[in-house]
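So here's one chain in two forms, each on its own in structure tokens, numbered structure 1 and structure 2.
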Structure 1
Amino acid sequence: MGADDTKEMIETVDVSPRLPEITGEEHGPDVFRQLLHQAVRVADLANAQAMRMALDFAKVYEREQGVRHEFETQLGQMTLMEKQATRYAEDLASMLRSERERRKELERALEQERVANEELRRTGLQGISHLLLAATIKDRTTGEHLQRVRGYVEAIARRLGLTADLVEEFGYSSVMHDVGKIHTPDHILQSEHHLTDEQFGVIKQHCIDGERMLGEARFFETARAIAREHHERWDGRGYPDGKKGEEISLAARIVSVADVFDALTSKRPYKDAWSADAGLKAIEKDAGERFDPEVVSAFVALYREGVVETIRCQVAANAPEQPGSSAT
């Protein structure tokens, strides 16, 4: 029982009707009856007060038990959540460890692929260099033609704003644009007369043969496109597939301009070499029909800046001393 409850009980008892003072002269049954009634009343009041206090205590206890139960329930939930959070953290840590291991494995695989690609690239470039050297040794005209075309292609690609990697790729791939002519009979390649329709049909086949000869290696993907498409025309009247516009790969469109310019300005068994100015006018004239106009604009700008002539002089200066024997 609390202090407030005790005080209230005392105050309740204090305000109860007081017993009359009994003197020696006032003895009798009425006095005792009053005392008895008063005592019963006080007892009833005390019992009522005790009952109220007991009920209040029961209510307080019930509330406390409810609070305790709620607290225990929440504590149990928090404990369960803590266990779940612990398991989640452990699972997350395990996933992170696994992810780090997978990342390391991926990095190792990428590094291995990079090394393999670099090795493939070096091998491919060596093969192209040997091919170019062999062509130069066998036929100076052919070797110089390939070197000039490569120089023009790289200069045009740089002028168009391509990346250094693409410039290099377009350059070494251009060297193989006529590789399919290995299958073309020499009497057709070296003919000093205009070709018949049948002979020209044989010549056209070198585009398809060149693509096939370059196989399926990713390193030669651009070279395959150049070999097959460098005789396609911007207006769609070329061969072997009649592609037009941007259906033709950019590398092939660039090689087409470089190859035709060099063919026009070089001596062939069936014609004399044109002047560089005449060759340039022919390229400009066919812009939008045979050639991509943007590529032609880049080449014309290079020509006027002296870049084309510089390339021609550099190739001539680096050429072997032995004379050539045939044309390409």
Structure 2
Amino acid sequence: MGADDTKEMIETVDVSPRLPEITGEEHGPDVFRQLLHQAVRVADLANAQAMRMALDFAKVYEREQGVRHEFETQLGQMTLMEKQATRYAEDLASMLRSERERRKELERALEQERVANEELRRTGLQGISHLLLAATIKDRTTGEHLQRVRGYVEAIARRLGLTADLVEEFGYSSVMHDVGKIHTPDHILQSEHHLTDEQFGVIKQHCIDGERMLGEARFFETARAIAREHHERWDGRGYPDGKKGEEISLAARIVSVADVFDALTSKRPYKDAWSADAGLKAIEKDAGERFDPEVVSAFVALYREGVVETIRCQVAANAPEQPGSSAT
């Protein structure tokens, strides 16, 4: 390395006083570090030299003057302080070493935890697809319905400015909103007639069952809220708990719009499919009553931009791959 290189490096090196990083190796050849090393060595030599001189002078002085022990205390203290400083330096160095070891250990553990979490996530997602298959076969709700709901939910969530992580979480959680229907008897689910109060009570139960079926894992937290609350209404006249406004989780408020819109625009045992325009009108009409007005505005905007239509077409194109799509 030429003298000019060194000069340049010294000028660019950050010499602000701070403790050296514990994981110092990755800084590479560091001129500042070398200079510091040099300085410490010089100081060390000077210190040792000064002590030797003091001891020698004391000896000569005492011999020449015939006095003894005059400087014994000071010299003893000097020697003690030097030993004390050395001991501290050694201890601090070994603490630094064990801290570095501990940190490596910690990083390894974190990596293991990350892998385990990823595994758990995959298992969770796999579990979802099994649940879906079961619910789809039972309910005759098509896989396409769930796919579209998921598409709408993710689009609305994105439109409302949620983070990518939340958009994904709302999406995968939305497909489980009706898992509780696995307990609902077929004759009630597929009834083409007006339901009695008692039968309606049974229908309500699917929200509570759904929440319970989704256990306690953090992974299903949003899914539990959606299952429980997706039939609640903004004005508080929904079921099962009669929650209103922002007492209902945002995810459930979004799913409610997506689910109703798709139900209106799909064919059901008791009704034909409405046109998309008619479906949208019905949603708009219920803003502030059944639905969160902000969620409706986001959905209307998406509709006008053609996003809703795009999702419908995409799902229709992928249809044969969906489990249970042949059940309709």
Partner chain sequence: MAKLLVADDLVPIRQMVRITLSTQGWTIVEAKNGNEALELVRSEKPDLVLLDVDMGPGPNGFDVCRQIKADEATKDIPVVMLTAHESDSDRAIGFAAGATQYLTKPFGPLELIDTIRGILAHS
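Take the two forms, find the largest set of C-alpha atoms that superpose within 1.5 Å, and that set is the rigid core. These figures come from a predicted structure and were not determined experimentally. Along the sequence of structure 1, residues get numbers from 1 upward.
- One chain, two forms displayed separately, with the form predicted together with the partner chain being the second of them, structure 2.
- Relative to the superposed core, residue 81 shifts its CA atom by 2 Å or more between structures 1 and 2.
- For residue 107, a C-alpha deviation of 2 angstroms or more is recorded between structures 1 and 2 after rigid-core alignment.
- Positional change of residue 97 between structures 1 and 2 reaches 2 Å or more at the C-alpha, relative to the superposed core.
- Here residue 40 exhibits a Cα shift of 72.6 Å between structures 1 and 2, evaluated on the superposed rigid core.
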